[in-house]
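For reference, the chain that follows is the form predicted on its own, supplied as structure tokens.
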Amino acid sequence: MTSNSNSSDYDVTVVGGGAAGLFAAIFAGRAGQRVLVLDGAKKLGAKILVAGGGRCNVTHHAVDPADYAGDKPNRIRKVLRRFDVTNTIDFFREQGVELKREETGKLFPVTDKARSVLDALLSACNQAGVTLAHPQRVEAVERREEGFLISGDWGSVSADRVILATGGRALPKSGSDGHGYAIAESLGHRISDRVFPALVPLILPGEHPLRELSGVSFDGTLTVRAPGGKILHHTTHSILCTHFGLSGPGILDISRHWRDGIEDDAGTTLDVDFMPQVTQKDLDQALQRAGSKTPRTILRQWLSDRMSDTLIALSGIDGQSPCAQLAKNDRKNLLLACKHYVLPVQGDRGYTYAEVTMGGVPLEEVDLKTMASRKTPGLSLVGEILDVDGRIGGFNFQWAWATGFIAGSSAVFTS
């Protein structure tokens, strides 16, 4: 695909065919624009197809700026209110995809198949007259006197406007390898100082007892604390023990806050309460009143046998001796292991296993009414390339739908 025309080949070229890019293309096409989507992947929608365990968690029943991190809540709110959950439900219903709400508040297609979501987006693109070109990786976007020249190994095309929807660095095999940041910088934007994996599993030392519980899950409270003890973030959610450390919704949600904390101060810690259903005071009293019962017997009131044994091992006490013989210091160590265990996190599993990227282009560099760049006329930015990341549960998709809708609907006005 090589442009030899004096006039632009397209009104709008969308760089990136993920959730935000396809959504932007749909609404730009519906606005009467000649739209081209360029993507480097052989097959579009890789992230959509793997999301939610292959079911695609389209959104959440209640979405609030507090569900996001990165930029300021007031800025995030301005975007989310332009295209909300009801709008998302209506859009997919119009495309023949009904969504169902599960107990967690997550909304999935009734088919329980992510393919239903991707097919709906591709169908909507077709109906809107959008041209999809892939695998055609964009290497450079150059601002010309009139519009843009978008190029790669496949050739080049010209466009009046460009919507940058390349994603961040998470799941690089899908095409989100961070090159979009270089393109944004070449067009005058800056990238936040902190760009790291988010919604990512965490690694524990090789011989750690929790790694021996691979496959065991539990509900726990995770807390990120500054060196002085100040709580930076906390969440109560399901945690999964794995062969490398910890995963599950709770760990994924806390991972970016843990990373943010240690970037501020290496002394930041992440601790876990394995028993949020019982207070430390009540647990202490249960141990003191247990008499001839063993600590293992007491813990088994709330925990599985394997988890009880693991916490006893982590505390360093003898779990088979009667509680009446438990020294005060031993009881204290057990309480700490159960209620305030500091996890010796060695790191995270990286972008390959991350669901989203922390960091990106600051929202202050974008006109939130149109998602148009404040640096380069005719450019818009949507989705994960922006410095906004949501917690697990469909929030990042809702950000993609909202930003894509705004940019696509406004494309005709942003040159």
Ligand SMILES: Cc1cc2nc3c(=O)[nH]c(=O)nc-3n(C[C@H](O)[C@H](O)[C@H](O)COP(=O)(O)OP(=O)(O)OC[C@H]3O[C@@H](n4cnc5c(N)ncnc54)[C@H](O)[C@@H]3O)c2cc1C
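Quick caveat: nothing in here was measured; it's all calculated off a predicted structure. All residue numbers refer to positions in the sequence shown, first residue = 1.
This protein has a second form, the form predicted in complex with this ligand, left out of what is shown; the following refers to that one.
Q: This ligand isn't shown here, but in the model of the complex which of S174, T235, N333, T269 has a heavy atom within 4.5 Å of it?
A: That would be S174.
Q: Exactly one stretch in 134-142, 319-327, 75-83, 276-284 has heavy atoms within 4.5 Å of this ligand in the model of the complex; which is it?
A: Going through the listed ranges, the match is 134-142.
Q: Is it the case that T13, even though its partner is missing from this view, gets within 4.5 Å of this ligand in the model of the complex, heavy atoms only?
A: Judged by the heavy-atom cut-off of 4.5 Å, T13 is well away from this ligand in the model of the complex.
Q: Should A31 be counted as a contact of this ligand in the model of the complex, where contact means heavy atoms within 4.5 Å?
A: A31 lies outside the contact set for this ligand.
Q: In the model of the complex, does G18 have a heavy atom within 4.5 Å of this ligand?
A: G18: contacts this ligand in the model of the complex.
Q: Would V50 count as touching this ligand in the model of the complex under a 4.5 Å heavy atom rule?
A: Answer yes; at least one heavy atom of V50 falls within 4.5 Å of this ligand in the model of the complex.
Q: Note that this ligand is not shown here; using its position in the model of the complex, name the residues of 347-375 with a heavy atom within 4.5 Å of it, in sequence order.
A: Going through 347-375 in order - heavy atoms within 4.5 Å of this ligand in the model of the complex - the hits are A354, E355, V356.
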